[in-house]
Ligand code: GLA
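The chain that follows stands alone, in the form predicted alone, written as structure tokens.
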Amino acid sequence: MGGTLVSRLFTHAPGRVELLGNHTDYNEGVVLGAAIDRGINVAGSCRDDGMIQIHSHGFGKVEIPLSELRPRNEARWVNYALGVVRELIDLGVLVSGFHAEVTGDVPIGAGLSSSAAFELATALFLLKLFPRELAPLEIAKACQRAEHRYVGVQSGVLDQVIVLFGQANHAVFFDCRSEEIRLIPFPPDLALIVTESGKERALASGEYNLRREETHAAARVLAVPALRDVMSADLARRSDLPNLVRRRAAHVVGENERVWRAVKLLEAGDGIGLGKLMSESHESSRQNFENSTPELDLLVSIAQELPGVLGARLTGAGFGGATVTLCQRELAQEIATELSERYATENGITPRVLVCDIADGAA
């Protein structure tokens, strides 16, 4: 069955914002996020000649035989998709070759999970092209493994879960230990503004993996299976902890506690309380986890001064990327314009600013 005999298939996966739960996922913690109305599209058809051809309108074209499926040292962007191919084949999906075109409007390298969107759009495309039933969480985990093995980022699974399980006008709560997923209505009078800092991230370069190692080391010092099992009161009683261990642990522990509080606030429709927690989260990123940057700090400080803003923080892993600002919906466009103009004046960079709606997950 060649590509000319198969109707063209199309899949879409959104980017996501992390509202709270920064670096908690690989510490068996809890996360609060939302899918957004920007994403990645994959369209194409199958081939019967054992060839993979992937064409990105932004990054170029790669063509390789299935027999040479492995991480590429050049055109590294394609490793996100090739890793997904490898994982699905290992799960018994009978991939015979395919042509795929990749497009999208989610900013790359901004902490909005463009990588998870690319992985999931590819996975759903292949599962439609070479039909195989997999549970949604199994698909998410396959994409996570692809990122570990083909990209080198030892990420948790929160990005894939939020991208896949998102629902319009709802936040997604994910418990990374129990794997509970819960949808929580988002106040309709609030909006999210995503602002790129102009500083791209490069997670595989080491800082992300280093923080993972540091938090796991902190759990060992504290003699617990994971930082999920520690409370702020526990840390306060420990005067013997090395400074770095205390700060790394304080961030993750505090983030877990902020997520639990945020769920109750959202269920009560309390956007003001949620905004305060988001701002607290950013301060912890800045002081305790050191995954913020001067650019992200500037965006957050500008946002917090604007009328109608309830809170702001970095979104995603940090080390560059973007911020997410929670604000009153009726003032969102005005806030976005002011935020852009003030950042450009103070930093010399005109940022990309997106007023985002909370969208449905990958389909």
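Residue positions are given as counts along the sequence shown, with the first one as 1. This is a predicted model, so every value here is computed, not measured.
Another form, the form predicted in complex with the ligand, is not on view; read the next lines as being about it.
Contact check for Gly104: no non-hydrogen atom falls within 4.5 Å of the ligand in the model of the complex.
Using a 4.5 Å cutoff between non-hydrogen atoms, Gly316 counts as a contact of the ligand in the model of the complex. Within 4.5 Å of any heavy atom of the ligand in the model of the complex lies no heavy atom of Gly198.
Using a 4.5 Å cutoff between non-hydrogen atoms, Tyr208 counts as a contact of the ligand in the model of the complex. Remark: of stretches 128-136, 155-163, 267-275, 216-224, the one touching the ligand in the model of the complex is 155-163 (heavy atom within 4.5 Å). Residues of 166-198 are not found to place any heavy atom within 4.5 Å of the ligand in the model of the complex.
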